[in-house]
Structures are given as C-alpha cells and as structure tokens.
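One chain comes next, on its own, written out as structure tokens in the form predicted alone.
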C-alpha cells in the first residue's frame, strides 16, 4: 500500500451546504477513481460524512474525518468519538492539526486521541510542525518532541496505521512568511524518519510521511519527487475539483 501515493484532502469547515459538498466530492471521485497509483481520502466536515458515504464505490477513494475525542462515550458535548467514527465505516482520522492545536489542543491530548483512535481500528493522520524557524534549529527538536509524545505507548504492530503529515505553519495561510520549498519538506521528512527509527528501528518504514502546506497544482509534483514523502495533505486546493485533480494526476504520473 505504501507504494501508492496517498493524497488527503482536508476540507476544514467548507463548503457551506450539502449540495456543494456532493458536487465537489462527486467531481473529485470521478477523476480519482481511475488512478491506479494514488489512494485518495477526502476529510469533509462531520455533518456531511453520512451523505457522502453513499457515493463511495471501490477502494481508490475514501472518506476520513478531521478530528476525534479520546473517549468512546460520555458527557462531552459537541465531540465525536473514535467508536462512533468507526461505526460509520470510516477508517481514517486527522489528529493534531495545527488549527486544532491553535485552539488549545496539547501534545498530551494528541497522544490520548492517537491511542483511542488506534484502539478503535482507525488509521491516524498525525499532524506535526513548527510555527516558526529559528537559525539554531530548535524547530527540529520541537517536531521530534511532538512525534515522541504523540506516539507514546504506540506499539510496532500499530505503525502501519500511522501516517505523519508535516505542516510548516509559518508557510500556510494569508500571513505566511514565505512559501515552503521541497528542501524544507525534505529536511523534516529526514528528521521524522530518524525519530521513528530511534523509536521503532526497522519497523519505522511502515509509517507513511506526507507534506501539507499550501500545496497546489503547480508545486505538488516538486514536493512528491524531491522530499522523500509518500503523499500530500491538501487543504484549500482540495475544495477545487479542477486543481485537486491536477494534484492527483501529478501523483499518478510519478514513476
């Protein structure tokens, strides 16, 4: 499975209506379903999952969710549990996204969510990344620490269900300092591999690494070819079926 490029679309809190969500998803699915070398996962808002699931056929296009809680039931108003996600037949969840961390999610909460999701049989898309880069390289230690805490108590047998997505927060959004380069992503993908190897030895190869940060149709191939990554976590561009299809085709055409 790792030989296929994994492209994940994070729709965040878009679009505004179920009609738009259906339209975007069916257009993306039409193109993604014919790609043999790419696995596509779309993570829409929770409220659209049940409806969009009706359009799933085959294994090349799937659905994931953007967050989970760390208990399977209880008095947690507004939260959704790993057991509830699994009961819908959904197999992937994003955990530790930079936007969730900005709302107060700690490394310890991320770890509890990772453990709970794995126990429910879900694949975890673990997001890590730095808000700024310092000249002394402390940001590398920050990312290393994020991974070590998030994977605390995660066993070797669970590694095939772990996907790590690197998000350079400083390169994302309207206030981005600059665009991240394939070299930036390569540096961190090497760090992630070193951290995983120190924790899991040869089993570290079972973890897929993605890049996520202002990916578009023009730069997707450069990241995929030059950053030693297994795929992409795409935000805003995944809401545009035309642009997202360009990204998927870039991944399909990589030898």
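Positions refer to the first chain, counted from 1. Everything quoted here is computed from the prediction, not taken from an experiment.
From this point on, the text means the form predicted in complex with a small molecule, which you will not see here.
message: If the cut-off is 4.5 angstroms on heavy atoms, which of these, 197, 228, 214, 67, is the one near the small molecule in the predicted bound form?
response: Checked against the cut-off, the match is 214.
The small molecule: the contacting residue among 121, 173, 89, 74 in the predicted bound form [heavy atom, 4.5 Å]: Looking at the other structure, the residue within range turns out to be 173.
message: Even though the partner isn't displayed, in the predicted bound form is residue 22 close enough to the small molecule, meaning a heavy atom within 4.5 Å?
response: Outside the cut-off, so no.
message: Does any part of residue 107 reach within 4.5 Å of the small molecule in the predicted bound form? Heavy atoms only, please.
response: Outside the cut-off, so no.
- prompt: Is there a heavy atom of residue 241 no more than 4.5 Å from a heavy atom of the small molecule in the predicted bound form?
  reply: Looking in the predicted bound form, residue contacts with the small molecule do not include residue 241, since no heavy atom lies within 4.5 Å.
query: With the partner left out of view, is residue 99 within 4.5 angstroms of the small molecule in the predicted bound form by any non-hydrogen atom?
result: Judged by the heavy-atom cut-off of 4.5 Å, residue 99 is in contact with the small molecule in the predicted bound form.
field: Segment assignment from 110-118, 75-83, 151-159, 91-99: heavy atom within 4.5 Å of the small molecule in the predicted bound form
entry: Selected range: 91-99.
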